[in-house]
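In the structure tokens that follow, the same protein chain appears in two forms, which are kept apart as structure 1 and structure 2.
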Structure 1
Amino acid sequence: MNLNPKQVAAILAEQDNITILTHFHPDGDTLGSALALLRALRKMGKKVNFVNNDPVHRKYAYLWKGLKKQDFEEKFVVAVDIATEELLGDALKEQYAGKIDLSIDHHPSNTMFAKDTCLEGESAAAAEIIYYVIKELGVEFDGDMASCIYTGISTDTGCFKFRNTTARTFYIAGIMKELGADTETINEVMFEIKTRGELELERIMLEGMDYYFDDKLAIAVITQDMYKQTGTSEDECEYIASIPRQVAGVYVGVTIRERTNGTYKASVRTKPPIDASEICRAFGGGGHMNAAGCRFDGTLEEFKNKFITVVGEVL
């Protein structure tokens, strides 16, 4: 059974000692959703922590301003913005696979891995669902919670530019503004400011980008050596995934990133009518119609060649 926000709130109201899980290589939606829910549940007097597999970019530090880790024996586990257990990352997957009590997600490709699931595939961001869960919990929003929700919505819609943006998306964002979300700072940090290292990383990536199928497919690669050369790291290039799709004529943009453990992660961005989640399912991943992700444990050339084959079939 697919739960609605009211049913989710009823479950959470009965629980305590809660751990909230975010997906690996965390972005604004998984973090904003997790920390908005954490702040709401703590306001209710519950003990709650959030856990992620990978380092979090420093630009997100405001999301957990004033929060400290609590000590307790974990009794209930919630996953937010996670379509499959693979997206937990290796460490969290090993620890939590088969043990997640509740999943709150907006990815149509969700594999229903949790004991209970609240899935709204029409939501632009998981943070939209979290907003309604918090309302059902009866917790009064403050500025910090509003900033968390706004971060999740704005980042998963590309600052309201992506096709997943709906009238409800604007409605919730407007309410968050009224409730004290620092929208000006969030927009500047998320969508305007880049370090010199990040710009250099973009330049090197673009120089090596390859095109296939009459320029309908663009594949960019970011290696660990490129991070070292530019003084950047994996958690600093989340935004870069959308760049290959920005090229005129490109219908499928793929950004392959080498991880520190030698595996690879791919972010796929598409234009209609190409389904990004269909492409990523071939690799055990998933996501949305125009934005999805997956990972690969083989070599870079194997990964690229399989992508070329899969995308060729789709095109």
Structure 2
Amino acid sequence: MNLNPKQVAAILAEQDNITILTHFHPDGDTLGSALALLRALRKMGKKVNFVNNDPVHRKYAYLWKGLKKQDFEEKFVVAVDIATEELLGDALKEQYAGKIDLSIDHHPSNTMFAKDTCLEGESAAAAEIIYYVIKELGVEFDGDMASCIYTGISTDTGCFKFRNTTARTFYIAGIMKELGADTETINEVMFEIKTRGELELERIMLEGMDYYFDDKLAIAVITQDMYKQTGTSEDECEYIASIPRQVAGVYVGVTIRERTNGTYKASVRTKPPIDASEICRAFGGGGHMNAAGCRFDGTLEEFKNKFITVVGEVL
């Protein structure tokens, strides 16, 4: 049975000593959702912590401003924005697989791994669902909670630019703004500011971008050397995968990145009607209609050539 936010609130109201889990390589939505919920539940007097499988980029630090880890014996575990137990990451999966009480998520691919699940696949962000859960909990919103919700919504929609943005997304953003979300700082940190290294990486990447099939396919490559040369890291440059698809006429944008172990992975971004997940399945990967990913153990040349073959068949 799929729970609604009111039923989720009723369950949470009965619980205490709660751990909230985020997905591996945590992003703005999983973190914003976790911290909004944590802040609401602590306001009700409950003991709550959140845990991440991986280090979190420093730009997200405002989400837990003023909060300290609490000391308690864990009795209830909630997963937010996590579609499968695989996405917990190795350490959290080892510790929590099969033991998650409640999952609040917006991925249609959710495997219903938790004892109870609230899945709203039409929500642009898990943070939209968390907004309704907090309303049902009857907790009064403060500016920090509003900033957490706004972070989840704005980052998962590319600042209201992606196709998942709905009328409801805009309405909730408006309410968060009214409730004191610091949208100006969040927008600057998430969507505006780039380091000189990031800009330099972008420049080098653009210089080497190759086009195929009358420019319908664009392939960009980022090597470990390029990170070193520009003083950047993969974590900081996640947005760069969206650049090849931005080019007029391109239907399939592929960003191939060298991993630290010398193998390669690729992010594939497509425009309708091309299915990115179909392309990635040819490499054993997967994902969404317009954004998917895959890995490859061969050489860079082999990886590129296989993309040219696979995409050529799809186009």
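Quick note, the numbers are simply positions in structure 1, starting from 1. As the structure is a prediction and not an experimental result, all values here were calculated from the model. The term rigid core refers to the most C-alpha atoms you can superpose between the two forms while keeping them within 1.5 Å.
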| item | value |
| --- | --- |
| Panel number for the form predicted alone | 1 |
| Large Cα move at E278 between structure 1 and structure 2, threshold 2 Å, rigid core | yes |
| K135 C-alpha relocation of at least 2 Å between structure 1 and structure 2, rigid core basis | no |
| Rotation angle of the smaller rigid part relative to the larger between structure 1 and structure 2, in degrees | 18 |
| Once the two forms are fitted on their core, CA shift of Y212 between structure 1 and structure 2 in Å | 6.8 |
| Following rigid core superposition, Cα shift of T309 between structure 1 and structure 2 in Å | 8.1 |
| L201: CA movement between structure 1 and structure 2 [superposed on rigid core, Å] | 3.8 |
